[in-house]
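What follows is one chain in structure tokens, specifically the form predicted on its own.
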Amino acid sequence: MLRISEIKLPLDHPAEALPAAIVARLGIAPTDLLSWEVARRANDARRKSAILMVYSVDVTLADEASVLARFADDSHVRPTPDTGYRFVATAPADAPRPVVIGAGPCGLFAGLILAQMGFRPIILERGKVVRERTKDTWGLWRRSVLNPESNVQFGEGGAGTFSDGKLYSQIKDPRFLGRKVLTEFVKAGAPEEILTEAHPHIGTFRLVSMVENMRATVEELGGEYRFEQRVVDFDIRDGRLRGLHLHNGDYLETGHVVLAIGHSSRDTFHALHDRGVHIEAKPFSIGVRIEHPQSWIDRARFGQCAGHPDLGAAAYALSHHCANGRSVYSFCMCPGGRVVAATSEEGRVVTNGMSQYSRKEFNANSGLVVGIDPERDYPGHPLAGIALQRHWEERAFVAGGSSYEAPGQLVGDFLARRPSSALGAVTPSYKPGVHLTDLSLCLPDFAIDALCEALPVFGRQIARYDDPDAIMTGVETRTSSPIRITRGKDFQSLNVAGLFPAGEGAGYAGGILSAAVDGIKVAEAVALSLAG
């Protein structure tokens, strides 16, 4: 088969236009096109008056060799890549069982790959199974009751379960491991269109059932899940991991651990540091969630085509480098979604964004965040970034009324540097609720200055982005892990053999897809180590 890319057609083209475009693009007779299927579909909305659909297609031709020869210098006509996944090892009969700490996207795929290779992994998760965890999460959103071990951050599925469910990434992926992730998601119940959409997403409700189905697959292959099992200490002797101490007093002997703990496992970061595991500080970002009616964003991005079923809810990505040397950028944009309470610690407020598969809720929201650098903002201790996050989360809790309501401010008031006292045209979606105030109470001065500079710039790029009635809710601090648990080319800790740091918490991923891909890579490293 051949892959033909960059075939562009009008938004409302008829079905027969695509095969006709393939024939015209290749200069072949219609009878020479034996079969075709869409490999990727995207839209090009740079000209709102003439939005295009952009396709990559895999085709079978009567004479592929001659076509390839004619298009030898054309990068858009190439053999279809082999995206099949191949296992790197098979478990020996006497192989010790590896342990995976964490059941988020990284731990889920590390466990799945190890199970598929026959290693019967043990997966430890400090939180609850996904449906019980969902009830606890709603407890915070509806009743302001926080369970520190079962919330948006902790529990089966990880933080990605309560998100937009985006399944695309900018990571380099020469082995097409991302395709393996998407294929497994489809097997678990995701819509097949995620295999072809340029910016696939799933949404929270679908993720719940998919996570359950994937757990069942791991267990059928001999893997074992142990929920509500929090690791409190690491047995490290002579530079090698020997076992794990659990919160209930149990000890689990093991020499191969995938550390997929997520970016909010702060107590585990401290335990690792106390045991001398090599950790370094890493940049992250801090800011707010900003909300606009989705109709504003749709109209700004798609013009008169807003609401077209093939376009769906519009997304955006923005960035600006400020005069004070800071970068402001949109983060984890959630079309047709809501802002959610994402704290995992009492007395702190953290925001995040979430969408369902339909993306049909009233508002669009995005993180609007400012970059923080360890050398500039928290030099010294490798865990100083955690203290910085906690400081502003505590300030947000107080600014919101000390009730898990989030502090909020209208964009017009924010730019005028005055507190907000009444809502305008935009109703915030955050639950348990928003307490209008002055966000300068819970953000560093450099972030306030940077956001004030960036908002009008973004307003010139997306109409009404800096509308005075748009609402900002604080604070967004969990953009990424503030630390990196450094590892070598063998994916093991630099100074502790048998410990394999992985995913977002270890500082090697950002989002569902990249975390899952990193989980596959680390699982392969564990398998090769165990297989000898």
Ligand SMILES: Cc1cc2nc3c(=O)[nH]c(=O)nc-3n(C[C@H](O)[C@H](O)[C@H](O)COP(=O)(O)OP(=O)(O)OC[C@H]3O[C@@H](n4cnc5c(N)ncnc54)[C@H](O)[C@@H]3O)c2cc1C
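All figures in this text were calculated on a predicted structure; none of them were measured in a lab. Residues carry their position along the shown sequence, with the first being 1.
Below, we refer to the form predicted in complex with the named molecule, which is not included among the displayed structures.
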| query | finding |
| --- | --- |
| One residue of Leu439, Val152, Ala281, Leu140 in contact with the named molecule, assessed in the model of the complex (non-hydrogen atom, 4.5 angstroms) | Val152 |
| In the model of the complex, the one of Gln409, Gln294, Ser344, Ser265 near the named molecule [non-hydrogen atom within 4.5 angstroms] | Ser265 |
| One stretch from 440 to 448, 254 to 262, 320 to 328, 416 to 424 that, in the model of the complex, holds residues within 4.5 Å of the named molecule by heavy atom | 254 to 262 |
| Contact label in the model of the complex: Thr196 to the named molecule, heavy atom within 4.5 Å | no |
| Distance check, Gly367 to the named molecule in the model of the complex, heavy atom within 4.5 Å | no |
| In the model of the complex, Ser163 touching the named molecule (heavy atom, 4.5 Å) | yes |
| Partner contact for Arg301 in the model of the complex: the named molecule, 4.5 angstroms, heavy atom | no |
| Gly111, Gly223 and Leu528 all contacting the named molecule in the model of the complex, non-hydrogen atom within 4.5 Å | no |
| Residues in 197 to 233 with any heavy atom within 4.5 Å of the named molecule in the model of the complex | Gln229, Arg230, Val231 |
